[in-house]
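Just one chain follows, in the form predicted alone, and it is written as structure tokens.
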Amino acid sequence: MWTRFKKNFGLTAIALPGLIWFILFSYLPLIGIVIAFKDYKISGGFFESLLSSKWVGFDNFKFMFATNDARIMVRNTLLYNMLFIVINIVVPLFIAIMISELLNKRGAKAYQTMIFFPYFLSWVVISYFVWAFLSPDKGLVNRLLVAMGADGISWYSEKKYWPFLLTFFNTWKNLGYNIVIYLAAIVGIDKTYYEAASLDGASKWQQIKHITLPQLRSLVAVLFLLAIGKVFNSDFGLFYQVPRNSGALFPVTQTVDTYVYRTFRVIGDIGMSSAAAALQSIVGLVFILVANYIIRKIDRESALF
């Protein structure tokens, strides 16, 4: 064991900061999962409050399913995330391939930078941009509609538009980050594959189909597994800030995270919030295990574990 440690000391030293980070911020906080099963009341320090709070079992979990909004928030959370996972894998993949094929590399860098920029914007900032376009009375979109002789649209009370709008905003914001990941993988593909294919008369599409896409298969599988682990979570800023907390839009914007936040603001129960977070983690773990099992059966090398 000591011999193996000395042999891999360099790699261990490189991994040590990340390991310490996970221990401090991912594993030690697991103690707090007990709060999900208690009627947590603050009465001094954290551990003192944890020990003195009453054990209530699964009562904190019931509030998520004992409400009329349970079906709506679970449906929205799962369906939006499934859609986001597919779009945020497929769209960035093909845009990354197109950028990598550009002959003008300076132009490719410019496109990549412009696409990446929205990732650094917070949803609060984006919500104000959206308001500038969709404001019922002063929004740019409604002004254009009125100028063309059409009636303005009350965007923040018409729920039928928001599944498309939320999907667009999510894709627009995360597109650049996902493209960078794919571009890094494409750069790492051995160029001799393309040279050999070109000598054999393969077209660009054939090279992409038979070289680029197969080489990216493992990366796509890993990104899919990482994304599906958060299938029961939602981007709070997207679903709360962008629709401006409009009650008329709750049927299409209410998710587990927004519901827990609104409930916590009214009730102030930490135990219920912890129960929701614990349930999200458990559902994510189940999805990861099932998806990884299926991928391992199809292609063992592409599986995460």
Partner chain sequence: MKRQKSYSYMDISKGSNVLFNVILIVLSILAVIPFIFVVIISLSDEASIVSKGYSFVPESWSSHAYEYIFKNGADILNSYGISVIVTVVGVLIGLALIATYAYVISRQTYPYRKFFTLVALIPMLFGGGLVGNYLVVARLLNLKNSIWALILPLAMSPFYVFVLKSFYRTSIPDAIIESAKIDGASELRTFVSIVLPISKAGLATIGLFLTLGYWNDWYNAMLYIDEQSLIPIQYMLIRIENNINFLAQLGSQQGIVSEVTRNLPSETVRMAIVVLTVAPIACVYPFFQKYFVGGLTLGAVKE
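Everything numeric in this text was worked out from a predicted model, so none of it was measured. By rigid core we mean the largest C-alpha set that fits within 1.5 Å across both forms. Positions refer to the first chain, counted from 1.
Keep in mind the form predicted together with its partner chain is missing from the figure; the text below concerns it.
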Answer for G149 alone: is it within 4.5 Å of its partner chain in the model of the complex, judged on heavy atom distances? no
Against its partner chain in the model of the complex, would K191 count as a contact residue? Criterion: heavy atoms within 4.5 Å. yes
So in the model of the complex, does any heavy atom of K204 sit within 4.5 Å of its partner chain? yes
Is there any non-hydrogen atom of I288 lying within 4.5 Å of its partner chain in the model of the complex? yes
With the partner left out here, which residues of 123-145 have a non-hydrogen atom within 4.5 Å of its partner chain in the model of the complex? V124, V125, Y128, F129, A132, K138
After superposition on the rigid core, does the Cα atom of L50 shift by at least 2 Å between the shown form and the other one? yes
Would you say Y259 moves between the shown form and the other one, meaning its CA shifts by 2 Å or more once the core is fitted? no
Does I282 move appreciably between the shown form and the other one, meaning a CA displacement of 2 Å or more on the superposed rigid core? no
